[in-house]
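First comes one chain, alone, set out as structure tokens in the form predicted alone.
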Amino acid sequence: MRSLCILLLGAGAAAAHPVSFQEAWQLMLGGTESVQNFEIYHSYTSKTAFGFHAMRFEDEGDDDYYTGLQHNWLLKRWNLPEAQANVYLGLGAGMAKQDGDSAAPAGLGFFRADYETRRIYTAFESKLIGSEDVSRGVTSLSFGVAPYKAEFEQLNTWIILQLEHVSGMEDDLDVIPKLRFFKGPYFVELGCSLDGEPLLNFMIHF
């Protein structure tokens, strides 16, 4: 059952599964040219995690930055015979700034819901950051299929289409086809938007 859960967690891990197994650490970093993300969390129970989150948003003028501490909750998990569904909430507090300005107190809100089998993956995620001078949001909807079933120790492959909106960016909606690979605790995601912007994500559990 643990292996099945890890497999299902791995399917959705790129979009930042914010809680892992009890006493596990997870490091996630990556993004696109427009948005970069760094997160590290310690799951001190199977339903709660605490850690550090940093983001950079590219702008036509000055870039925006956020750094802060974050607490995540697994609000609900449905473990089905061949599937899993999860609902997560995260709240953060830190500092945000634009290039050339002083940092100001900022808050972060995060919501994620997903449903995964070993062949199908769907997820909705929304992240909002606000301060006196910075207001940013990232909302995405993802659909994925696995061309084959693989065990936890084998190479797992997913083909995913992600629709993403980043508030404050020039384009209203990005369409990002991508490939997701994971084997054991390691995870890599490679993609490119239809506008030609590359995407790279990496994650490890330890």
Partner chain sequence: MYHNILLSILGAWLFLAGPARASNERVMTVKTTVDGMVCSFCAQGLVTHFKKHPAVSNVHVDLTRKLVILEEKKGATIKDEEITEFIKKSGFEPKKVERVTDAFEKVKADKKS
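The structure presented is a predicted model; accordingly, all values stated were derived computationally and were not measured. Positions refer to the first chain, counted from 1.
The protein also exists as the form predicted together with its partner chain; that form is not presented, and the subsequent description refers to it.
**Q** Taking its partner chain in the predicted bound form as the reference, which of Glu33, Asp172, Glu151, Glu60 has a non-hydrogen atom within 4.5 Å?
**A** For this set of options, the contacting one is Glu151.
**Q** Given the stretches 89-97, 127-135, 75-83, 102-110, which is the single one in contact with its partner chain in the predicted bound form, using a heavy atom cutoff of 4.5 Å?
**A** Stretch with heavy atoms near the partner: 75-83.
**Q** Find out whether any non-hydrogen atom of Met203 is located within 4.5 angstroms of its partner chain in the predicted bound form, and reply yes or no.
**A** Contact check for Met203: yes, within 4.5 Å of its partner chain in the predicted bound form.
**Q** So, Glu23 and its partner chain: in the predicted bound form, are they within 4.5 Å at any heavy atom pair?
**A** Yes, Glu23 lies within 4.5 Å of its partner chain in the predicted bound form.
**Q** At 4.5 Å between heavy atoms, is His71 in contact with its partner chain in the predicted bound form?
**A** Flag for His71 set to no.
**Q** Could you tell me if Thr122 has a non-hydrogen atom within 4.5 Å of its partner chain in the predicted bound form?
**A** No, no contact at 4.5 Å.
**Q** Sequence order please: the residues of 177-199 with a heavy atom within 4.5 Å of its partner chain in the predicted bound form.
**A** Going through 177-199 in order - heavy atoms within 4.5 Å of its partner chain in the predicted bound form - the hits are Phe182, Gly184, Pro185, Tyr186, Phe187.
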